[in-house]
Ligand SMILES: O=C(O)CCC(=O)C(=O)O
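Okay, here we've got a single chain as structure tokens, the form predicted on its own, with questions on binding and movement later.
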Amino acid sequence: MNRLNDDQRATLMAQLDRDGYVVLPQKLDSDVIARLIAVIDRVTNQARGADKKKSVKQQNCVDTDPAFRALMMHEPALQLAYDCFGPMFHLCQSNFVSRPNDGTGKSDFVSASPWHADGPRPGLFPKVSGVMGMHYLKFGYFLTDLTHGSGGSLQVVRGSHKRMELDGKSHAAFRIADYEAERVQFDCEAGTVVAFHQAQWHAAPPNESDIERKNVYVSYCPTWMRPLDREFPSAESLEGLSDEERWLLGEPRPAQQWWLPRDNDAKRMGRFARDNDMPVGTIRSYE
């Protein structure tokens, strides 16, 4: 996958700030899609048992198979995460969903997802002038065709990351029709990558098509935040992985270094900086 150039990054970051989401300019390669789908099919077939129409969601999928760990290293995504958080970021969350037309109509975040903004729950965290800051940046990798329009595509409300979650309304009182002019539905081709702010209002209705909807979500957050769906691994479990993979997965380190990086810490993700950035300078040692 080609790197984003600095002009592309500047454009995408401006769009992300304005709209709360961006579509990356390149799709995943077909061989990457095939590897991911093969793993998803293996895991979902085991989880379904006799119920072949059951929707399946697998949390912390990076620990399920190396194919997901490779997706965690998707370079354009890491470039944008670097632009949002600087060099001190790591994996926040990963999951995949395999959603057939299961006929349930449930909005249980597996068969379908109601309108919401992601955690940390916006109502429980401080805001500045009513706006929730970015706690993590989420990437949706859509592996099956959704251009037919009835597959339960991701939907967002443009610019909603700058407002209270659902404008402070309960789920029962919220009506998406009131925001129709700003609703965006990603009826996209296989391999499309969408990034969005965690406070963006989003939803995914039930899949009403004959094509099973398969996608992966991977998100990144500052190192001073704990991951959302995984414990920090042991050093032994990370043996054989690259420096970058170990960093993103939460390589053990002294507690203070999650907040106050040493020189080598600030350089670990350095190749994802912009091409015209100055090299990371010396960081004071806090011992």
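The structure presented is a predicted model; accordingly, all values stated were derived computationally and were not measured. Residue indices: 1-based, along the sequence shown.
Just so it is clear, the following notes concern the form predicted together with the named molecule, a form of the same protein that is not shown.
K.L.:
Is residue 213 close enough to the named molecule in the model of the complex to count, meaning some heavy atom within 4.5 Å?
P.N.:
Residue 213 belongs to the contact set for the named molecule.
K.L.:
Going by a heavy atom distance of 4.5 Å, is residue 202 a contact of the named molecule in the model of the complex?
P.N.:
Contact with the named molecule, yes.
K.L.:
Against the named molecule in the model of the complex, would residue 116 count as a contact residue? Criterion: heavy atoms within 4.5 Å.
P.N.:
Judged by the heavy-atom cut-off of 4.5 Å, residue 116 is in contact with the named molecule in the model of the complex.
K.L.:
Wondering, does residue 154 line up within 4.5 Å of the named molecule in the model of the complex on heavy atoms?
P.N.:
Residue 154: contacts the named molecule in the model of the complex.
K.L.:
Just give me the single entry in 138, 183, 74, 163 that has a non-hydrogen atom within 4.5 angstroms of the named molecule in the model of the complex.
P.N.:
It is 138.
K.L.:
Find the only residue in 82, 174, 179, 217 having a heavy atom within 4.5 Å of the named molecule in the model of the complex.
P.N.:
Of 82, 174, 179, 217, the residue with a heavy atom within 4.5 Å of the named molecule in the model of the complex is 217.
K.L.:
Using a 4.5 Å heavy atom cut-off, which stretch among 163 to 171, 82 to 90, 202 to 210, 183 to 191 contacts the named molecule in the model of the complex?
P.N.:
The contacting stretch is 202 to 210.
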